[in-house]
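Considered here are two forms of the same protein chain, supplied as structure tokens in two stand-alone entries, structure 1 and structure 2.
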Structure 1
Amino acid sequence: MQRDSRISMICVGDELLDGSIRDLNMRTLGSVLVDHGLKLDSSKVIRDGVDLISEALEKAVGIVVVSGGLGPTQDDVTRDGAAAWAGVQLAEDRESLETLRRRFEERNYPFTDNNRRQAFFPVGADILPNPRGSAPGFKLKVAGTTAYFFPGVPSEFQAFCETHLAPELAQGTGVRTRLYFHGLGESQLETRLDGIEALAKELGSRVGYRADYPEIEVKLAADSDEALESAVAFVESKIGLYAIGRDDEDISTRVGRLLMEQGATVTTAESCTAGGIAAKITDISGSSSWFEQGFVTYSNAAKHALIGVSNQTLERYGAVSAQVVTQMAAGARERAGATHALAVSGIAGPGGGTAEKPVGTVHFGLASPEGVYHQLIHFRVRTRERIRAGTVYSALAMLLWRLDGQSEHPNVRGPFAVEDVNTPEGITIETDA
């Protein structure tokens, strides 16, 4: 597929315009395109109507993906609009008809005349089997425009994109990779990557972004491995500190791989994430090799009894403090006999915040062989769920920082000696809330 082709989308359905359902397919298509170094130029939502569909297709240039209107009911008229656009008749495809009949028989559903409508296609169309549902799709070329017609059901639309569209997009698009980052906003990322567009043009590569909190994905595509790795090197030189994964290696997989390579283990002590960090670490098979146990200690009594946090420290500084979270990390590491320990204590909201410690205040502790580290983050996101999700990722990113052997971090303080951490006075740092 030509990379300079214009790509648009037409979403068909009255229900998309009267508020009955929310369109999810544009996001799916946009993500698929960016994976291949392409971008969606425009998207249009129209009602069910033969003339409306035909007119929208007449205005399309290059490549257009049409979703919806391929069902069995009378208002499913996308195939009729496509035939009108192409100036051809609809014809029944016997193979599609038999496939539909078998599908209904296997499920003990009655096959009616309206179901038969799904086996009719514009003459000359390439029929695209449905990998997940009943309605086939099709592809139709008219003059300089190639149109793909997919079902509107989001799960089926996604399957069509993966099965029928992505392979064609991949033709001639060279090599590509996806880099994942956490710890900086999308605007910060673009600022730090100033110059990437010019470099991409020079290298003949393409760049795209996708923000899906708490991750930001940078997608790179190029015509050669050399050009791709040059673009990757540029990105890593600017924001490598915030890297958490690449391609199929997500943050959990990367943590597990590095722990295995280093023969290391990790434990957790959580006071605002309810075991979320432990759950993320154990997302992948084999995680018992590097994670044996964790501690969920919401009350002060649990912090003292299970991981040895000083009652005096708790009373003096409060649970959400640098002094307590570093004692949590040191205590968890000692109790579990682990190489590393991650600890978090914060205010996830919606209540519990104060002027000194507003909602979104989270302290992080990391106990490692060389000592104990601390980090303070004020999350600006508004919901409890997003604060907790950001906390989980930030904790694992802090661990990755150490596992990768990076010596400096602008927001991390330490290492502090364990004996200093465990005094009733605790540590003294500039970033205390």
Structure 2
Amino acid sequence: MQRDSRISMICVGDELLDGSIRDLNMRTLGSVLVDHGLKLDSSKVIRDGVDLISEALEKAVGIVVVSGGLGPTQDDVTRDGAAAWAGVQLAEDRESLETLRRRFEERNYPFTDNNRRQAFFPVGADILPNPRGSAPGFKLKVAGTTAYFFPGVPSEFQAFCETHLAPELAQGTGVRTRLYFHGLGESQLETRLDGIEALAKELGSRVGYRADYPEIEVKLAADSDEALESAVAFVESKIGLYAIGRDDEDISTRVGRLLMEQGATVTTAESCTAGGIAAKITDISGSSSWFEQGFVTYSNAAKHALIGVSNQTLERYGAVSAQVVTQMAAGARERAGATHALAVSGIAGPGGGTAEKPVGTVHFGLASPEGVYHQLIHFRVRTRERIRAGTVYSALAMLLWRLDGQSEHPNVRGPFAVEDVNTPEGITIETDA
């Protein structure tokens, strides 16, 4: 396959256009192509219909991957559309028929005439066995166009891409990486990275962004490792402090790796996130090695009873304060006997805001062997959901900063003794603008 040959996709199915299900296959194909240094030029979603399918195929140039419409039901007419496009008949394939029959017998499913249809293919098609299911796919060449027909079931579609498409794709691909950040908005990020486009051009590398609150992803691609790493170095010199992960190492994985390496453990004391931080820390398998327990202390009574926050402090400063959140961290660390403890207390809204503590005000505490750290963040994001999601990420990012042993932070203060904590200024994180 030429690197410059055009590649497009056709997704077939009423259910995709009626909002019944979400299409997952375009993303799968896109990733497979990117991994091979290729690009999906465009994708089209059409309804089940012989004419619609053959017309869409007429318009395709180069390589086209067709997803869906190969099932056993009457409205699965992709094979008929393919035959119409190629101007050939459908013919039954004995071998496929036997395989299908056997598969159904093994499962004691009734083998209906509908199922039998799945053994019919346009004359001249290469039949592609299904690595994950029963119905085969096929490949058909007409004039300058090569069309691959894969089942729409996401797990089967992916298996077909890997088994029957990827091996035929170009190998020469170049290198790429994805860097994940948290704590700045998309346009803020672009401003800080001003000049990277120029650098990228100079290096022959490529840059892309993706804002997926509360994460921002920076995608870098280049033709050599050197070019790629210089681009990475540039990005990290500008916004490294906001880094939360790279490639397959997301924030939870990175937190876990560092805790493992340091033989450390962590516990949590959560008010406004009410368990979200603990759930995030444990969203990778094996997290029991660094996380044993966490405290969800939503009420003041619970903050006092479970992790020993002083009622006097609660009364004097309020639950959403530097003093309380650092006592929460210190208390949780002691109760759990963990190396580090993360605590958050904030106003997630929509109710509960006041003039001096508006919705989005969140205090963060981190208790570590050397003392407690604190930061205050004002989340200027639209919804309770986003304030809580941002708080989870900022808490994990605060722990990452400590585990990385970074010395300078624009917002985190400490280490202090708990009794020395006072009320500070905070920064604002806005990710919705």
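Computed from a predicted structure; not experimentally measured. Structure 1 provides the reference sequence; residues are numbered from 1 along it. C-alpha atoms forming the largest set that superposes within 1.5 Å between two forms make up the rigid core.
Novice: Would you indicate whether the form predicted together with another copy of the chain is structure 1 or structure 2?
Specialist: Number 2 is right.
Novice: After superposition on the rigid core, does the Cα atom of D223 shift by at least 2 Å between structure 1 and structure 2?
Specialist: Where the cores coincide, D223 shows only a C-alpha shift between structure 1 and structure 2 that is less than 2 Å.
Novice: Using the rigid core as the reference frame, would you say T273 shifts its C-alpha by 2 Å or more between structure 1 and structure 2?
Specialist: It does not reach a 2 Å shift.
Novice: I want to check Q74: does it shift between structure 1 and structure 2 by 2 Å or more at the Cα, with the core superposed?
Specialist: Q74 C-alpha, core-superposed: shift of 2 Å or more.
Novice: So if we fit the rigid core, how much does the CA of L40 shift between structure 1 and structure 2, in Å?
Specialist: A shift of 9.2 Å at the C-alpha.
Novice: For V421, give the CA shift between structure 1 and structure 2 in Å, the superposition being done on the rigid core.
Specialist: Core-aligned C-alpha shift comes out at 5.4 Å.
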